[in-house]
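The chain below stands alone and is given as structure tokens, in the form predicted on its own.
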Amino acid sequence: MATEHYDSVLHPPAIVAELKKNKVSHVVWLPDSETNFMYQLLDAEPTIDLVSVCREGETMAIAAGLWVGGKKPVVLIQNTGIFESGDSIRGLGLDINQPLVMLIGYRGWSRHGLTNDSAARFIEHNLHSWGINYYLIETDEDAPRISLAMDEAQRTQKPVAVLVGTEFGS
């Protein structure tokens, strides 16, 4: 019987490798202190352009513009940013059939106990209400789920979420 190792870590190189494998052209995001390791790695990656925003609600419109222009963007924001982005997700993701992968920091979530943070408690309900499928990643071994999400987004021509259930290791 296989055992699960929840003490494994998710490292930025595993994420970047999946983005490169899927020929992602841009990462649209609101940088924060929790994603510093990811920022440094993406900033050094010549095949992926970073597009910083001031508010999470801007990410969907910028990603839609890049997609219409023939690029392949992903969005990287926290779950709290998804709440702010709701109307953009509806209007620009769902209504125009944008095949967008959203990498969402699952702030406040813990598989090991009570989840007190309302941002963590509400995110899956919101994704369900919008009909957005999602995948959970917590370790480097989970990173290939990004490819599953990319494939699904292309196949369905709809947004798909990847919930990042842990902080990035250095």
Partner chain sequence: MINNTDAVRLLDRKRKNNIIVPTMNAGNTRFGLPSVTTNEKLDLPLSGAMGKASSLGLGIALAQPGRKVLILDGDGSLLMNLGTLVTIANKAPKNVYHFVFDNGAYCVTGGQPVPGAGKDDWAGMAKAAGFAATFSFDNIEDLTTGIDQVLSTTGPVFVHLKVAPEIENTPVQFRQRPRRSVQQAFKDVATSVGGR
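Positions refer to the first chain, counted from 1. Just so it is clear, the structure is predicted and the values come from calculations on it, not from any experiment.
We do not show the form predicted in complex with its partner chain, though everything after this point is about it.
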Its partner chain contact in the predicted complex: residue 134, any heavy atom under 4.5 Å: no
Its partner chain contact in the predicted complex: residue 52, any heavy atom under 4.5 Å: yes
Residue contact check: residue 67 to its partner chain in the predicted complex, 4.5 Å heavy atom: yes
is_contact(residue 88, its partner chain) in the predicted complex, heavy atom dist at most 4.5 Å: yes
Candidate from 119, 62, 143, 127 lying within 4.5 Å of its partner chain in the predicted complex - any heavy atom: 62
Segment assignment from 104 to 112, 119 to 127, 52 to 60, 135 to 143: heavy atom within 4.5 Å of its partner chain in the predicted complex: 52 to 60
